[in-house]
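This document opens with one chain alone, in structure tokens, the form predicted alone.
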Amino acid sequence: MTDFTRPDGRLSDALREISFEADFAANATGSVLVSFGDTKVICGAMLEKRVPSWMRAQNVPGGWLTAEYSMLPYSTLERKQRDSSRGKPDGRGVEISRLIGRALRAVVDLQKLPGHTLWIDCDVLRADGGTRTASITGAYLAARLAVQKLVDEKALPENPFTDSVGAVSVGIYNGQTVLDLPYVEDRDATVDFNVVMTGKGQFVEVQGSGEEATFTEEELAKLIALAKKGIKEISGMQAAFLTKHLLGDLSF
């Protein structure tokens, strides 16, 4: 990689400092405070003994997993109005909620959640770019903690996870491909991607576009390679966290 440096001093292929704090929300079955630099998100997981009405109406077997994402009013420099005050849901929040749900369902065997819904809630405490990728990364960990507790308590028969999942942003900033963009880079990037992958290296979702710009096939390949590198590192951090908090039980 080039020695190009960024506003925060990182090399172009370096992640921000990432950390996970377990059991941050006492009433959640499993919870994690995830930090990607100054972006901080509380991720909580809880099990509900019911499934969506469409599953009941269609006699769909198994269970469901869904997510809700929100940004707290003080998460940004200017106060963000709550949906309840606006009288309608925020379109961006709905889109990210669906993304988180899709990402987690990609690595869950829903047949192993019979008659239950696993709820994932992601609340942004501080937003400095990459809130959706931090949410997916932390949501997986919160869900794993919750599932293990539920299995131990015999509320679930077995662990429904088949793999890990993580996400990261990549983009083109000042003509360079860069990994894990904070707000100052995301704001000025000419190309911006969010990439979701499993621990086994399978893609779940790739969201990307030029911001009043275009990009070449070569640049696309570089962005994907950079995202794969970043998610491999994130997967290693997730595994280390779970090794500590699940006492080494990382079976899927």
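We number the residues from 1 along the sequence you see. Everything numeric in this text was worked out from a predicted model, so none of it was measured.
Keep in mind that the form predicted together with another copy of the chain is not shown, yet the notes after this line are about it.
K.L.:
Pick the stretch from 167-175, 105-113, 153-161, 140-148 whose residues have a heavy atom within 4.5 Å of another copy of the chain in the model of the complex.
P.N.:
Contact-bearing stretch, as computed: 105-113.
K.L.:
Taking the shortest heavy atom distance, is Lys228 within 4.5 Å of another copy of the chain in the model of the complex?
P.N.:
Yes, Lys228 lies within 4.5 Å of another copy of the chain in the model of the complex.
K.L.:
Taking another copy of the chain as it sits in the model of the complex, is Phe241 in contact with it (heavy atom to heavy atom, 4.5 Å or less)?
P.N.:
No - in the model of the complex, heavy atoms of Phe241 and another copy of the chain never come within 4.5 Å of each other.
K.L.:
Evaluate Gly210 for contact with another copy of the chain in the model of the complex, applying a 4.5 angstroms cut-off between non-hydrogen atoms, and reply yes or no.
P.N.:
Result yes; Gly210 sits at the interface with another copy of the chain in the model of the complex.
K.L.:
Given that the partner is absent here, does Asn27 sit within 4.5 Å of another copy of the chain in the model of the complex, heavy atoms only?
P.N.:
Answer yes; at least one heavy atom of Asn27 falls within 4.5 Å of another copy of the chain in the model of the complex.
K.L.:
At 4.5 angstroms, heavy atoms only, are Phe4, Ile18 and Ser35 all close to another copy of the chain in the model of the complex?
P.N.:
So, no: the whole triplet misses another copy of the chain.
K.L.:
Does any residue in 106-137 get within 4.5 Å of another copy of the chain in the model of the complex, counting heavy atoms only, and if so which ones?
P.N.:
The stretch touches the partner through Ala106, Leu110, Trp119, Asp121, Cys122, Asp123, Leu125, Arg126, Ala127.
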